[in-house]
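Have a look below at one chain only, the form predicted on its own, in structure tokens format.
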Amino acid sequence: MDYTLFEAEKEIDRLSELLRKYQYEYYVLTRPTVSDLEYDRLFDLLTNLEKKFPALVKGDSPSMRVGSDLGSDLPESTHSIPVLSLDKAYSSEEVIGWMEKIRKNNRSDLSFYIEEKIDGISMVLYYRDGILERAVTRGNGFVGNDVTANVKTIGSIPLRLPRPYTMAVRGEVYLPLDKFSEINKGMEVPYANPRNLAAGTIRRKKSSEVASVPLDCFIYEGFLEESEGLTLPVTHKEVLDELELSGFRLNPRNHIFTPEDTSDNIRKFLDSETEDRSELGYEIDGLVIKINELDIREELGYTGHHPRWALAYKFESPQGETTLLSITIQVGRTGRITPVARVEPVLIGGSTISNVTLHNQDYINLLELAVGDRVTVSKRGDVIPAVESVVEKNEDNYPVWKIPDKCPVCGAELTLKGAHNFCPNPSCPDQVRGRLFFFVGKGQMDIENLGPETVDTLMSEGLIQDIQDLFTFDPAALEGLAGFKEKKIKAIKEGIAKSLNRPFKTVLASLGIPELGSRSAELLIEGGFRSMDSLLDAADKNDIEALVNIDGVGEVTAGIIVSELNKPEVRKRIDGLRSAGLQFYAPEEEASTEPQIFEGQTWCVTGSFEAFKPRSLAVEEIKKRGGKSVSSVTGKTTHLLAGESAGSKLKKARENGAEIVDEAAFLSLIGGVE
């Protein structure tokens, strides 16, 4: 049939709606209502029409499920929600103790939502006006890889929502065990586990290849922005209910613990989940316990590593028995000494273990560990190998192993700080190598074509001695060395030149100063330390208090940063990088022209508004006028901007004596909005 453009658009819309319905029934409800033959017929009709009228193809078309044969890179994308790790517990007593502590310090009537922790790939889905805009891997918690085209091939992830919500959704992409077994049957070298296969698949450059692997996804968290017709949920359970109504696939094996549940109830549930683990159609490595009430979550907030309102309960780790062959020493970039056990290779949880970290001398003494001992090795949290116990002592009467008095690399006398030994020599070759690897690596300066092997070559040839030398050595000196031809030398030059444009925040976090990572660098800059000179000035004055006054910077962190910045070798490093032209200043944000009527005030915004959709627009108006915005009401909150359905924050603000401002009064204060 020949279609006009108008007729084609109507038919494409009709077929798309039908196919979305059938996809939802098949992938999410697992209750298909049409045969595969009928589905394929409709799908072919749609794709043929889209080929004839390519201008009518939409980003949420069901045809996106098949992917594209065009190659693509995986660009980095910044997260707009916290994507952090979880604090962990390994016993039911730890879980119960955590729950009791939370209730004691907050409210006795709190409930807890418990979910299975799927062993897959963490994914964040960002929707704008109901359309899937981007899908981003967890990455480092702040920046991940954009894998939108690949995620669109997963049938259980909706490309369009029934209502035009703008929201972020967290989930876990995984491969069902039966599908994994089918794929592995035809592999010459089989994959070790479903997670490895899923991780490799989601990062493929051609989405058509991803579509050939039957990945699935469970959704477990949602961050909804206010929109027409949506009353914001007040519990995690309500969030999940809304997500389910929006077409997302949720794991039905969840449970709520109320204050009426006893410790015995909790223990029995955890034991039952552990026993059921082997019967599931997918892999889990634990459970996640979350506070159900969202207002308490906001009050508790986050550490730099994890939310304070959630806990991961990790199952008893899989174990294996092996023999300890030797113990070697690793020297980290900060000089920290780490003993590493070399064991006879043993298969545990799908992977072969031959090296196990021993942490420190206290840990070794606790185990009474000696070379030649027969030991049990576990994968704690199913990830980190650890020696758990000595099964049988060695027959050669080797004594408990001791960390040597001197650094095995440079010969310096080791020092003891807390439970750990340190090499105090900043010029120790292994420390220098560690600093260099860290500085050039991804997530830091990300200097292209300067990988570990190249850095090792530069050091062994005497071309560099520290990170500042990366910008002064002559890459032409590599000519004639194996693997260094004209093309690679040119690429190294270009990578170094490109890194000169990295922002001050990245440079600061890449110096390798303990406690001064990406988040701390961001806090310092936001707190007014917008240049290296301002930080060095504070260090000169030993002004620890100036750093402590910044929200999120503790006294210990501030003390370490000031101490490190006062070290001669760190100053030398900074001077060398400054001379090379690296960015040591963060430009001021454009000053607001608005009168600073909210200066010195701390505002919390809650509820829904007519003039501020989303309500983050109201937060922007407060900040433009000198005010500070917080997500929860505390004793320091001076004002609450209360919209419709303000909820518990309104009650708490009244109790704390904060000034309550409604939308009309706020608009009057700021003179309206454009």
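Predicted, not measured: the structure shown is a model, and the values here were computed from it. Each residue number is its position in the shown sequence, starting from 1.
Just so you know, the form predicted together with ligand AMP exists too; it's not on screen, but the next bit is about it.
S.K.: Hey, in the predicted complex, does Leu325 get a heavy atom within 4.5 angstroms of ligand AMP?
M.R.: Answer no; every heavy atom of Leu325 is more than 4.5 Å from ligand AMP in the predicted complex.
S.K.: Is it the case that Ser122, even though its partner is missing from this view, gets within 4.5 Å of ligand AMP in the predicted complex, heavy atoms only?
M.R.: Contact check for Ser122: yes, within 4.5 Å of ligand AMP in the predicted complex.
S.K.: Would you please decide whether Ser111 lies within 4.5 angstroms of ligand AMP in the predicted complex, comparing each non-hydrogen atom pair?
M.R.: Close contact is absent here: in the predicted complex, Ser111 is far from ligand AMP, nothing within 4.5 Å, heavy atoms only.
S.K.: Consider Asn265 of the chain shown here, and say whether it contacts ligand AMP in the predicted complex, taking contact as heavy atoms within 4.5 Å.
M.R.: Looking in the predicted complex, residue contacts with ligand AMP do not include Asn265, since no heavy atom lies within 4.5 Å.
S.K.: Let me test this: is every residue among Arg20, Phe43 and Ala211 within 4.5 Å of ligand AMP in the predicted complex, going by heavy atom positions?
M.R.: The answer is no: none of the three residues contacts the partner (heavy atom, 4.5 Å cut-off).
S.K.: Lys314, Lys505, Arg297, Arg204: which sits within 4.5 Å of ligand AMP in the predicted complex by any heavy atom?
M.R.: In short, Lys314.
S.K.: Exactly one of Lys88, Arg163, Lys393, Arg571 has a non-hydrogen atom within 4.5 Å of ligand AMP in the predicted complex; which residue is it?
M.R.: Result of the distance check: Lys88.
S.K.: Given a 4.5 Å cut-off on heavy atoms, tell me which of 265-273, 411-419, 77-85, 466-474 is the interface stretch with ligand AMP in the predicted complex.
M.R.: In short, 77-85.
S.K.: Suppose contact means any heavy atom within 4.5 Å; which members of 109-134 contact ligand AMP in the predicted complex?
M.R.: Glu115, Glu116, Lys117, Ile118, Ser122, in sequence order.
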